[in-house]
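Heads up, the chain below is alone and in the form predicted on its own; it's given as structure tokens.
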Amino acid sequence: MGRLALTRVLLLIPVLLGVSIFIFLLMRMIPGDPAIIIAGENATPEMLKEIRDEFDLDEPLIIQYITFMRNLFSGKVVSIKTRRPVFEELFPRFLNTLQLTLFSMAIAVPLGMILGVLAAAYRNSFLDNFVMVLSLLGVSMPVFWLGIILILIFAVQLGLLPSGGKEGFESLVLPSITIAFALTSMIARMTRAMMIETLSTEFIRTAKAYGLPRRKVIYKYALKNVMIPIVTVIGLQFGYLLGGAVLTESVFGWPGIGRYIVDGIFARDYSVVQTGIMFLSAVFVLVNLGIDILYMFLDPKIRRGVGKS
């Protein structure tokens, strides 16, 4: 397990290096001069030159890249737009996104697994059809549309919850439900499909033939065997959500990292976009490492395979 963790951490270096080069070049390909966007169309040539000199925008690309990497590792990356250290702006927004992600997952994971197991256990019943229709709506419905509908009902019409912003626990409810609805649908569909496949296997039929209670067969034996693909889906979605649910954050005015990076793209704030995407890439790789380690606890065969290697 220690070797696996060390290998993944070492692989983080070339991954981040490749991401840094790719996003650096991609940002330079986007039309628009950061100096003009920040200073305005009526800025004097002297003002534009001052901004370009301050952030080395007139230097060759290789010099700009080296300067950025040096500032990144020293923690001195400064936003072109706000002239504040990027990490001071990024971390609070990441914590906001992490809070939203954890709350959404706390709703979606148990609910999605319960619905998926029940749908598989009572296949072709009314409950199964209801879960499948609900999950189809969840994966098909645009997130921004659902968010607007929830705002209209619970904020505008009923006045029960705030329509946006970050003003305590109540502000979490609507954006979390918006994210959790699609995530619940995805987990329910995956759980149902894997459970149906597992319930038709020989070892489950053998367990039933020995007279084991149906509930024990489903929850102790079948569900345990479908946990690895379910954990994979959950882990990947967790990593994606940490990247910022941009549409949800925009609809609800949630000050998360996804919205922060998108605002940086519109402002041509190279420092914000490059630092933010590299940070999220590191987080995503670490989340995948956590998933791999969790596999070993779920499946002894994987533990033995890692131990032999």
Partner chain sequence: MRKFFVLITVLLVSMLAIAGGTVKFVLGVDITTLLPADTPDNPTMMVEAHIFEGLVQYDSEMNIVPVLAERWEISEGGKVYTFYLRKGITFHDGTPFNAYAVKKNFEYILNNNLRMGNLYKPNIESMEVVDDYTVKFILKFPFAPFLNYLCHPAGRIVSPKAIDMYGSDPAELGKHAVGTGPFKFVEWIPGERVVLVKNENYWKPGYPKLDKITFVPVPEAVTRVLQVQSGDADLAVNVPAVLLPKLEKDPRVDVVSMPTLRVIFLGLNLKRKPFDDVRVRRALNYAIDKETLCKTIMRGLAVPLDSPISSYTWGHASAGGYPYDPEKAKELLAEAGYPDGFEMELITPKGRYPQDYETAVAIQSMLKKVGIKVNVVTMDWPSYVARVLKTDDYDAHLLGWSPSTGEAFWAIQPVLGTGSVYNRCFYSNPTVDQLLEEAKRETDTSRQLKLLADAQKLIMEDAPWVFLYNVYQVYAKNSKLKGELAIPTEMIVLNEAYLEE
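Positions refer to the first chain, counted from 1. No experiment lies behind these values; they were computed from the predicted model shown.
As for the form predicted together with the partner chain, it is not shown, yet the points below apply to it.
K.L.:
Check residue 75 for me: does it contact the partner chain in the predicted bound form (non-hydrogen atoms, 4.5 angstroms)?
P.N.:
Residue-level check for residue 75: no, no contact with the partner chain.
K.L.:
Does residue 110 reach the partner chain in the predicted bound form if we count a contact as any heavy atom within 4.5 Å?
P.N.:
Contact check for residue 110: no, nothing within 4.5 Å of the partner chain in the predicted bound form.
K.L.:
With the partner left out here, check for me: in the predicted bound form, does some heavy atom of residue 144 sit within 4.5 Å of the partner chain?
P.N.:
Residue-level check for residue 144: yes, a contact with the partner chain.
K.L.:
Considering non-hydrogen atoms and a 4.5 Å limit, does the partner chain approach residue 209 in the predicted bound form?
P.N.:
Although the partner chain is absent here, residue 209 would stay clear of it in the predicted bound form, with no heavy atoms inside 4.5 Å.
K.L.:
Can you tell me which of 230-238, 155-163, 191-199, 114-122 lies within 4.5 Å of the partner chain in the predicted bound form, counting heavy atoms only?
P.N.:
In the other structure, the partner sits against 155-163.
K.L.:
Using a 4.5 Å cut-off on heavy atoms, which residues of 80-95 contact the partner chain in the predicted bound form?
P.N.:
If the 4.5 Å heavy-atom criterion is applied to the partner chain in the predicted bound form, 80-95 yields 80, 81, 82, 83, 84, 88, 93.
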